[in-house]
Structures are given as structure tokens and as C-alpha cells.
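Presented below, as C-alpha cells, is a lone chain in the form predicted alone.
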């Protein structure tokens, strides 16, 4: 398999998938996803861009978070992984890949909707890694609901708790550890700009993340801490089959992009590496769109 540094046609670099209708209980597992994803285990080649860095990545067990964790390890970083206890099988696999790359992996299961865990996971990551100089707020919750009349207060609150309130809590605690030169990268979405009708709560949190990123970047810039975001488009992950999309939409997932296909998690990883590495030292408050060509601000 070609790595991410090889000259390739982006249309055909990965296959145009037509996922069958399938269902997993939330939060979903990569190990049970059909077809499987490319998270970079065999396709990401590191070049030492994050040598010596110590990163906490939330939602690092599967999907985009796992691809970022693998890429960071291949680039020389040690990684602490935050994930739900139900995702232990996926997390164990990612830890094995990180260690095989020569990196340190610290597994920190818990629920980011719990305010105490949001604080404790940062303390434990810093203890386990011997410090902290990179944070990737990636964990997210996405449940499709077609009609606002069926969107419960409970779901609205749970989505905001996981997607934006936890991000605030984790970042607030992490800032106490981050030195000048450290970075925070937040996962937002194309949904922040072009919300799907069945993702009102999810899309609203992603728009909030864009604003939070810009405001925090301005606030922390004088301290030498850079804050940016990555906005994925339709990426094939377990999030989509654990009620993240209507089941009948799965076979067509991602086909409406200019590239004509859904993205793979490993295609997101270089964006997070760039925004975490020193080569992006003059980039702050930026939202980097990785969405297969969908127009966005």
C-alpha cells in the first residue's frame, strides 16, 4: 500500500465505498465496521515532525482520533488516549500500533460527559507522559434525528456535554500544563457550515467549536500556545453506523463530494500533524477543512 507521501490520484487513492446498511450501538467500534477503515496502520509514514512531543487525544480509540494517534506516534510523539470504556477493544489495538512505532501509549478510559473525568484525564495524561505539550480535542457524539419534534432535550444536552462542554473543560485544565510552543487542535466539521437537517444538535456544537477555537486562539496567543481546528467532511468511521446517519443513507455516504467518495480517517491525520508541529508556528485560530472539496469558508 502506498503511504501518504507517494504521488497519487486523490479520486482513486482509496476505493469509492458503498457501505451496506448496518447498525452498532453507540459509540460504535472500528473492529466491527463494514467495510473497515484505513487509520494509517499500514499507510502512514512518519518523518520525525513531532519528535519528543507528548499529546493527549480524546476519542483516540477509533475513527479520526485513532488515525491521529497513529500518525503522532509515527512522527515521534508519545500519546495518551481518552476513550469510552466500551471502546476498549479498539483502544487496545491503537495502543499496540503506537508502541510498535516506538512511542509510549497511556490508556485513559472514561466518559467526557463527566466533568470530573475531563479534569482527571488531563492530570493522568500529564503524569503518564511526563508532561503535556499537545492536546487534540476530537471526541464527539452524533445521533441522527430527522424531525426537531423528535429531538429530545436529553439528546440535545448529551450532545453539547460531549462535543463542546467537555472540550472547554479539558482545555481549561490542560492550559495549566501547556508550555509556550504547545498546541491545541479541535475537531469541528463541515456541518458547522452546511448543517444536515437530521443533525441539528451535532451541527450546532460544531459551529460553537469553530467560534471557541478562534476565541481561545486569540486569548492564548500571548502565552505562546497555538489553537486551531480541523473540519472533516464525510469520513467513514463507526460514528456513522452508530445512529450517526440514517441507515438508508449509508450506501451513498460521501458520494456527493467533488471527489465522489467518502474520506478515510488516515486522510485527516496530516492536518492534525501540521497544526501540532512547529512548521505551523504562524497559524492560529485557523479551521483547516478536509472535506473532499465541499465549498466552505
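Residue numbers count along the first chain shown, from 1. Bear in mind that the values here come from a model prediction, so they are computed numbers and not experimental data.
There is another form of this protein, the form predicted together with a small molecule, and it is not shown here; the text below is about that form.
Participant: Among 183, 213, 188, 159, which has any heavy atom within 4.5 Å of the small molecule in the predicted bound form?
Facilitator: Answer to the contact question: 188.
Participant: In the predicted bound form, does each of 59, 202 and 206 have a heavy atom within 4.5 Å of the small molecule?
Facilitator: The answer is yes: all three residues contact the partner (heavy atom, 4.5 Å cut-off).
Participant: Just one of 70 to 78, 127 to 135, 146 to 154, 112 to 120 has residues with a heavy atom within 4.5 Å of the small molecule in the predicted bound form, so point it out.
Facilitator: Going by heavy atoms within 4.5 Å, the stretch is 112 to 120.
Participant: Should residue 240 be counted as a contact of the small molecule in the predicted bound form, where contact means heavy atoms within 4.5 Å?
Facilitator: Residue 240: yes, in contact with the small molecule in the predicted bound form.
Participant: Does the small molecule get within 4.5 angstroms of any non-hydrogen atom of residue 234 in the predicted bound form?
Facilitator: Residue 234: contacts the small molecule in the predicted bound form.
Participant: Does the small molecule come within 4.5 Å of any heavy atom of residue 178 in the predicted bound form?
Facilitator: Residue 178: no, not in contact with the small molecule in the predicted bound form.
Participant: Taking heavy atoms and a 4.5 Å cut-off, does residue 139 contact the small molecule in the predicted bound form?
Facilitator: Yes, contact at 4.5 Å.
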